[in-house]
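The chain that follows stands alone, in the form predicted alone, written as structure tokens.
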């Protein structure tokens, strides 16, 4: 009996596009990382020299590890601050407190507009001369601050902006998961005398394990590939003293700006992307293993 393989017609276009725009570029990036090449002229094979410059402890290595440290710091903020806030506001929407539609609109709005607009709004708030925050402080009799120009404050302000920009996506995933919980389970918890605190921690939260795994996995990848908002807030150099510099910004500078070799170096930029690909792959796999074990316990 001939098997029906109509599904191949549905997956083939996506597979072809994914291969063209994902798999093949990854293979070429790995290939270019072993060459010194500006993208136009002849290619010179240098072996692991690009990786040695990146990881060998020199100036470029310090820049790279500083940026990677910022990625890791932001990832920790995702796990400890942003994800709990997403779950909290998802539950606020789920129990439909007064004004929940306004809260939903304000928190989900940044997700449907461009991140460049979010960054522009942030600049209008924290600008040292024409910023809204300094204008308010000046009227109240306080002195102005550089805000994003202060390396001790810039990363904290960046996290605040990202919380507003990114909270809506995970919040709606968690809220959708909550709406799938059987009403009879919730009604039984109320009959048994559970208050809102107990209902959340003993009934609702255990049902969110699959969505928690999804959101954390996506957020981990996003945290390690962060570019747009820090670029808007700190410029191509990642702010004062590279305080909000991230690896993707390092790749952008050294692959297209030539700030290390004095010219564009796609070979060196490829070594940065390959290194980050391996780091993201390892961290994502570890995250999935930990979350999968957690799901099994529940």
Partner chain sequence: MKRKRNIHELNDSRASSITKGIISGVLILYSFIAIYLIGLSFLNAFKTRSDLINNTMGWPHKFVFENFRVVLIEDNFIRNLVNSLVLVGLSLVLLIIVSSSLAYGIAMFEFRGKSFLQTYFLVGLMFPIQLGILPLFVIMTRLHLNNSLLGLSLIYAANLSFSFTVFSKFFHSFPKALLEAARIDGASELDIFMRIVLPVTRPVIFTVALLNFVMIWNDFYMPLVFLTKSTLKTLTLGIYTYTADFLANWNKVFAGVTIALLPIIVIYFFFSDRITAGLTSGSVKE
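What we label the rigid core is the largest C-alpha set whose atoms superpose within 1.5 Å from one form to the other. Computed from a predicted structure; not experimentally measured. Numbering follows the first chain given and starts at 1.
Keep in mind that the form predicted together with its partner chain is not shown, yet the notes after this line are about it.
Peer 1: Look at the stretches 49-57, 238-246, 265-273, 64-72 and give the one with heavy atoms within 4.5 Å of its partner chain in the predicted complex.
Peer 2: Stretch 265-273 is the one.
Peer 1: Note which of 223, 87, 173, 157 lies within 4.5 Å of its partner chain in the predicted complex, where distance is taken over heavy atoms; exactly one does.
Peer 2: Checking each option against its partner chain in the predicted complex, the one that comes within 4.5 Å is 173.
Peer 1: Is it true that 77, 143 and 147 each have at least one non-hydrogen atom within 4.5 Å of its partner chain in the predicted complex?
Peer 2: Not a single listed residue reaches its partner chain in the predicted complex, so no.
Peer 1: Considering non-hydrogen atoms and a 4.5 Å limit, does its partner chain approach residue 45 in the predicted complex?
Peer 2: Residue 45 lies outside the contact set for its partner chain.
Peer 1: Does residue 35 make contact with its partner chain in the predicted complex, using a 4.5 Å heavy atom cut-off?
Peer 2: No, residue 35 is distant from the partner.
Peer 1: Can you tell me whether residue 22 touches its partner chain? I mean in the predicted complex, with a 4.5 angstroms heavy atom cut-off.
Peer 2: Close contact exists here: in the predicted complex, residue 22 approaches its partner chain to within 4.5 Å, heavy atoms only.
Peer 1: Taking any heavy atom pair closer than or equal to 4.5 Å as contact, tell me whether residue 206 reaches its partner chain in the predicted complex.
Peer 2: No, no contact at 4.5 Å.
Peer 1: Within 89-127, which residues come within 4.5 Å of its partner chain in the predicted complex, counting heavy atoms only?
Peer 2: Residues within 4.5 Å: 89, 92, 94, 95, 96, 97, 98, 101, 102, 103, 104, 105, 106, 107, 108, 109, 111, 112, 113, 114, 115, 116, 117, 120, 121, 123, 124, 125, 127.
Peer 1: Classify residue 13 as shifted (yes) or not shifted (no) between the shown form and the other one, where shifted means its C-alpha moves by 2 Å or more with the rigid core superposed.
Peer 2: Shift at residue 13: 2 Å or more after core fit.
Peer 1: Using the rigid core as the reference frame, would you say residue 40 shifts its C-alpha by 2 Å or more between the shown form and the other one?
Peer 2: Comparing forms between the shown form and the other one, the residue 40 CA shifts at least 2 Å.
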